[in-house]
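Here we start with a single chain on its own, the form predicted alone, put down as structure tokens.
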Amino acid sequence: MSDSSRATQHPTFCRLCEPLCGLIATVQDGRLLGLAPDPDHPLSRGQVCPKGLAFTEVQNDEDRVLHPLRRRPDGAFERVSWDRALADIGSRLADVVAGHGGSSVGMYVGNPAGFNSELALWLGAFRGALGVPQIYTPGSQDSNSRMVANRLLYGALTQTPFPDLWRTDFLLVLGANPLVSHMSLVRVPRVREVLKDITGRGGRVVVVDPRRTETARAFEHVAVRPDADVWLLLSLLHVVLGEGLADEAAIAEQSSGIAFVRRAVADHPPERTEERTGVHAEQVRRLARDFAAAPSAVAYGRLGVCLGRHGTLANYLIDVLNLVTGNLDRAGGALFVRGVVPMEDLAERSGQASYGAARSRVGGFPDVLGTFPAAVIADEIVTPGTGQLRALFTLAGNPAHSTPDPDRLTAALPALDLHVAVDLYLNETSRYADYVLPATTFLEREDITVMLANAGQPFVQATPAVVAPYGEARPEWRVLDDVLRAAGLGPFAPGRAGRLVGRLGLTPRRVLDALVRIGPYGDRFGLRRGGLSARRVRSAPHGIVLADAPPTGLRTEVVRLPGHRVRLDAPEIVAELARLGDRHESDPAYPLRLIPLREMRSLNSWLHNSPTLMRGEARRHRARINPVDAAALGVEEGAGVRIRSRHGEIETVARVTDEVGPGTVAVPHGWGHAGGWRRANAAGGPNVNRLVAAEVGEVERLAGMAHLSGVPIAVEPLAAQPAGSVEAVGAANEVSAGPA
């Protein structure tokens, strides 16, 4: 064997979720042979989840799109050259902008873009070139309510306080399952070990969730009814403030508007909210007293909190609980963000981190980080008038599968004048595109860990591409750049500054390297001894730990309100609290409540094409139903069931279990494929989003969040379903999804 054909190993890092765990890629003859945990990574230290290791199968997947594809009139795709694709796309995009303006162009950017530092920079170029395009992301199905709470409390949309898990004595988790999700909006490699350390040093981890999740089983569980978090939090604050347990000095120093909070929580004693939350009043009082009495404590909420009818209000109340107990901006509490690259500060100062600067044409929803609710995309396409959506780009996203009422969007997509998808796969959205352009995987591009500053140990790592792009795949930033140039729009905003940047020939790498040097840990181009330079970062293949613990005392640096005080009485919150419960309908025809369920070997609406992740009988779609409800409904373990909401219905298989309480049904999301990924299609299962409405009245007011948790449903057994016929139910759902 020649030296050129020997296998080589390359340190890199995973970019599937927040921990960014270290990986070792083994490469031979330009082909990825496998991925293994990096034992020398200072944070993940030889640990990585099954999804990261299985990414070899994505990298080498025979179903990957590796060449530009053009959709023919008969719906099939044919291979074309990049030059031919870009020329046609550019011409058609220019026509749309000339005839209808930049506001008629939209882009949906999927979750993988959140772990792509290059693309993050060039999205701003896309927006600048078009002026006011319609931007959509999964944020309105994930975290926008969290971001809006930040803006109302701190004046900074991007400042999401994160829990100091490494020093806390009491962690209160609401609507999150860290042992499966690996923590969201906070970077925690080896999360199980970190959580076990809390209890190991005598602390507590308490999980509030309608389901006894993997995390709840490992620690303490408080079972709450779906979409009742707001009432529970109001009662916790009622006890803390009413029993003199608050840290009045911290309240006075850090905040304004506490009088509003005192009035608001006075009407919500635990005895009054017990019926709605399902949590006994005395248990609520004990929880509040223990949280307030702990030497340090922090409340952390995520997806389950964000997806309710009052998601922004719930996130606001979590932070208020941290503040009034003296646990905001202190060791062991909730901490503010300081990144290696000041992306948050740059976004705030440049106006990219906007809230309410614009309103959606349909529904009048305020923009969040310059984006609009994905639930209104279909209506924006089919509703005539100025700003009607006529061209759509989807980047690493699948909105026709992952947004509410996906069939509505699927029906609307053919009405577009231009639809371009940049992706790894022909998915449920891109199969309707005019062009599908091949994107690189994270192993085929260079990157740097600047997108997640909320880490227990400030850390930076850079990685080159470990393999050359397969086929004709290109990085997403370059595709955007090529499309804008082909349309004659240029990659940057018009004007002197934009022309100057264009002449300099800047690339994402050059911009990011400069930002590292001017950031909080940078060398300021030689003016600060010992600071970070691009060369230093790139010469440390396993990364650099910059501090043993996250900094405290950042409130006066990051809070952008008068006196750097946290605002507790924002008018939007006052109004939302006055409307509390107005959308929590009670219809006896739909007596149960649906909650979404994330699985260890799934990641949103993809990775179902991996043989390793889909292996075994356990990788079948099942709805979790409590034994009490199952008995009343005549539903048996393994039998087919129909789940109905006011908006749609799905069919799946029942798993009868007491991990959910009576009245709650948990259904995994991300299933029900009908794209160009054959294994995913064969897995069957329904798309749970068919039960969720995309109507304007169903969207959360303050942040445009889809209502995906606590959805009223009914369940019935399938009359003619053969016992245990998982395959039959899956096949039925696959057919109903339409042709691939």
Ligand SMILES: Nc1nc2c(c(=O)[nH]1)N[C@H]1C(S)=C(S)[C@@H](COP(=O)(O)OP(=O)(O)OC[C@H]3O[C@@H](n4cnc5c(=O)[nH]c(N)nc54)[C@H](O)[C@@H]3O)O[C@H]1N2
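From a predicted model like this one, the values you see are computed outputs, not experimental measurements. Each residue number is its position in the shown sequence, starting from 1.
Not on display, but discussed next: the form predicted together with the ligand.
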{"property": "Proximity to the ligand in the model of the complex (heavy atom, within 4.5 Å), stretch among 525 to 533, 324 to 332, 381 to 389, 599 to 607", "result": "599 to 607"}
{"property": "Proximity of W671 to the ligand in the model of the complex, heavy atoms at 4.5 Å", "result": "no"}
{"property": "Close approach of V208 to the ligand in the model of the complex, 4.5 Å, heavy atom", "result": "yes"}
{"property": "Interface membership of G175, the ligand in the model of the complex, 4.5 Å heavy atom rule", "result": "yes"}
{"property": "Residue contact check: A680 to the ligand in the model of the complex, 4.5 Å heavy atom", "result": "no"}
{"property": "A654, L93, A396, L130 - the one with a heavy atom within 4.5 Å of the ligand in the model of the complex", "result": "A396"}
{"property": "Heavy atom within 4.5 Å of the ligand in the model of the complex - residue from N626, Q352, S184, S256", "result": "S184"}
{"property": "Those residues of 103 to 125 which, in the model of the complex, come within 4.5 Å of the ligand by heavy atom", "result": "Y108, G110, N111, P112"}
